[in-house]
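Just the one chain here, the form predicted alone, laid out as structure tokens.
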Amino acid sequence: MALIEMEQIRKSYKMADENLEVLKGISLTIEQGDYVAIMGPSGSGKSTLMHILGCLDVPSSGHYFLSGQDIAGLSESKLASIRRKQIGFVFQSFNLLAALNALENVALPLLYQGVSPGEQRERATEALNQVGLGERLHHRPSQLSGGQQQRVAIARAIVTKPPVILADEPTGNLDSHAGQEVLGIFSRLHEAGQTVIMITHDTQVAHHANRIIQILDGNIVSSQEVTHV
């Protein structure tokens, strides 16, 4: 069974007196351990697709199976539970809490899951070591570079050991060096068996993935494997 399976996903929004159809029958499959980049220009529907993949929104019609469960008709409370347990998010803007240090930011998802304080510290420390920030546990976001903040965000995404990491333009606010460091972390996570889905408009970034899905005008127009030499 595929980790993610979408069947004829459509999404429409009511705009004044008409319906704006953003996704027009998306069907795709993502296996456990895949590293997939979803590409498309502004207005292509890739952000809407990301929101549905991340259980931040539901489709107007069609089926979305995540770990065998059809997400399409679930309530917001059930979607929130799935987000906490099954999806690790990495956003372009980092979304770290300024008042918390790196360790506290990374431990936050575990707090919401009711994990004991001791285990929170242990697992958050392990995740920060995994992204090369073991020496920055007690630094607040303002004391970290942009690349370091994004690595904290990745540690926060992986600390719950979710089946899926969903990264939205993860290098968009970074210089080229920091961006390459972040992409290196995603590659290592993938090599360790993590499923990674990355939303990007950057062709060079997309080619770090193993498969590139192109979306245009609400439709998938191509899906190609990437060969790494």
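The first residue of the sequence shown is number 1, and the count goes up from there. The structure displayed is predicted, hence computed values, not measured ones.
The same protein also exists as the form predicted in complex with a small molecule; that form is not shown, yet it is the one meant from here on.
- With the small molecule omitted here, the record of contacts in the model of the complex names 34-42 of 34-42, 174-182, 60-68, 188-196, defined by a heavy atom within 4.5 Å.
- When contacts are defined as a non-hydrogen atom within 4.5 Å, none of F94, D202 and I212 contacts the small molecule in the model of the complex.
- Within this chain, I220 is remote from the site of the small molecule in the model of the complex, having no heavy atom within 4.5 Å.
- Within 4.5 Å of some heavy atom of the small molecule in the model of the complex lies at least one heavy atom of T48.
- Contact annotation for L20: at least one heavy atom lies within 4.5 Å of the small molecule in the model of the complex.
- Among residues of the shown chain, M15 is one whose heavy atoms approach the small molecule to within 4.5 Å in the model of the complex.
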